[in-house]
Structure formats: C-alpha cells, structure tokens
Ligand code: UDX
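The data below hold one chain only, encoded as structure tokens and taken in the form predicted on its own.
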C-alpha cells in the first residue's frame, strides 16, 4: 500500500519505518526541515533502539522517503497516518492545534478516496473534529479511523511489530476492511470498535497502568512503616493472575511523554462531561508526592542540604530512551535545587544541550559524560533511572569518589543485603534502611 505518515516523532517515525520494513511504500512528513534532512541522511534525531537501523535499511531499498512538502506526502496515498503531538495545556487539557492544522492540510491536498488514520492520543470525539475540518476543505471521499498506539519508549519497534493487540475504531465498513487487511499478518487480537471506543481505550489503558504504579508506591510507603518488604509484597501480588506482575515496581513514580499528559487529559475529559474522576486525581497526587517522599529521605539521611553536592544517576524518564519529558529525575533535581543543593548528573543517552535548555529545570546542573566522574566530592548518589549499566557498577569506585558511601536508590535496583555487606549507607523505597 502507499502510506503517508504525518509527524516524525517517536510514534510517527516508528510507524513509518516499521510499515516500510513490512513492504509498504511509505512517505514520512514533518514541518521541521532540519529533522527531515537528518532522516534523509539516515540519522535519527532521538535515541530509540533499532529505529536508525530501519531508517537506513529502508532508505537503501527506496521503501521510505522523507519530505517537508505536504502535497508530496498526501499524493496518491491509500492511507494517511496522523502522528503529530497533542501536548498538555496549562489546565491539563490536550492541545489539539497540531491535529487541527494537519487535518486542514489533508483536506486541502487529498484528491481521491483516502483513509485517515489517527495514531495521536486525543480526547474522545476528536475524530469527528478531524472529519469536520477535512470536509470544510474538500469534497473528496474519505474515512476516519482511530488506531491508537501502545508503543513503549525503549522498545517501540518491537512493540509495533509484535503487538499484544491492535485497536481499529471505525464507523465505516469499507475503511475498516482495508485497515484490517493492513494488519492481517500480525499475530495478535484485532479489536474492531466504533471510533469513540477506540479513543477511550488508549486513555483507559494508560490511566490503569498509572494507577498500578501509584498504588504500589503507596503500599511501599506503608511497608516502611510496618517493617514489611515491598519486593516480596510485589512478587506475591504479581503471582495472582488477576493482578499480574507488570507495573508493580515501587519507586519515585511515573513520568514521560504519555502517562502524566494522558491521565490529566482523561481527568479533564471526565470533568467536561460533568463527572469528577476522584481516583485519577489521587493517582496524580500520589505520583507527585512520591518525589517529595524521596527528598525527605535524603534530608533525613544527610541533614541540612544547603550547599551540599549530590550526584544523580539517570535523567531520562526510563531506560533505553533519551526522552526527559516529565521525568521524575528532573522533579527530584528541582526539589534539590530548592534546598540549595549542588547537583552533578549523568545519563547514558540524555542530550546535554536538551537538559540545559529544558524549560522545567529550575537551576544549574553539572553534567558529566562519565558516571564515576560525576560522583567526585558528592555527599551521596541518588539513582533515579534504572539503566542496565547502573545495576552492576564498580562499588569500590563509588566508595572512592563519594565523600561518604551513601546511596539513595529511587528504583530499588540494589539489594539491601549486599549494600550492608559492602558497607554502604543505603535507602530505597519500601525496604529496610541500611
């Protein structure tokens, strides 16, 4: 099929390269000229495993091309995927300006029957908005499909090619048949619904996962007070098939480009329909408090923090990505700045320039390209992202560089028993302090 993908962020680019890899003719469009020029050269402007490999492979066989010309992107297309951003407004609502603009451009440029597939996470009812905008621009036949993505940063290519389910929301039998044909070789359940249901499934899924994270963090905080161990609690809970073991790792809470934005958006959708989603408000509150909980631990351990130097390992919101959007680590860094702490930091992938220019960082960070160098003259190490390289470090080096052998583990990646054995002061989440 001839496929166009509008937007070359995480979702759009992964969608484009994976569909090209499956043998479709794909054109990826973006308004960012610098990004498109990089992609034409086989370079990806963000870190995501396998994406650059797929870009180069499909460029070489002419299975994919990149353009800033919307006319080229929409010409002779069977399917146009919308994969533009829906950032969060100050009031928590989803900002649909990118969606509205791209819908207008589609309406101005399609010339034959086209299926418009929305991949962006949008409020329920957005498909009707897209339809109205396109209808106002043209009289060409088209159909709208809602096909939400469930890609995890760090494993997005694998998630696209081996999904657990595919959701196709449509009010058109003709369009639904074509999109089902597109996905026919995928070995997973394909769920066909109306458009509104498909839009809700994405929000409901993310809200439930965020709820599990906030729930287990609350349990972890109680474990500390009663002498229980959260690792054993989580393990035993996860053995119950009704609960499952995913998203039951205690820590400093969720972050990233999806959960914080989507949970607030769903809460606002509920309010706009006169429903107060009390549970989601609590999920958000617990997640914010978990950062404060860690700061209180640090202050209890080190005393007055003013002027002290602390090392942060991990700035990306999760391992195997360079994405720092809504990262718990940045919240921790800002809270430390509020205590007049000097912050050293290291992350294997997060771009130093992006970190320095990040609008939500309130103070200066000393950034290092070596995790051990970042420890020099620091009072403590705080682990905020569970990168693999952090899990088996050289503890002798850590001891050598730190003023005191002190680790605050925000992701529970080390064993308290081992930390005690090798002589560290050690604090984690929901487990015994050493």
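Numbering follows the first chain given and starts at 1. Here the structure is a predicted model, which is why all the values come from computation and not from measurement.
In what follows, reference is made to the form predicted in complex with the named molecule, a form of this protein that is not presented.
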Only one of 126-134, 97-105, 296-304, 331-339 sits within 4.5 Å of the named molecule in the predicted bound form by heavy atom distance, namely 97-105
Taking the named molecule as it sits in the predicted bound form, is residue 231 near enough to touch it, meaning that at least one heavy atom pair lies within 4.5 angstroms?
no
Within 4.5 Å, heavy atoms only: does residue 215 come near the named molecule in the predicted bound form?
no
Considering non-hydrogen atoms and a 4.5 Å limit, does the named molecule approach residue 354 in the predicted bound form?
no
So in the predicted bound form, does residue 120 come within 4.5 Å of the named molecule, heavy atom to heavy atom?
yes
Which residue, 309, 89, 264, 318, has a heavy atom that falls within 4.5 Å of the named molecule in the predicted bound form?
318
Contacting member of 344, 109, 249, 147, with respect to the named molecule in the predicted bound form [4.5 Å, heavy atom]:
249
Using a 4.5 Å cut-off on any heavy atom, which residues of 47-86 would contact the named molecule in the predicted bound form?
83, 84, 85, 86
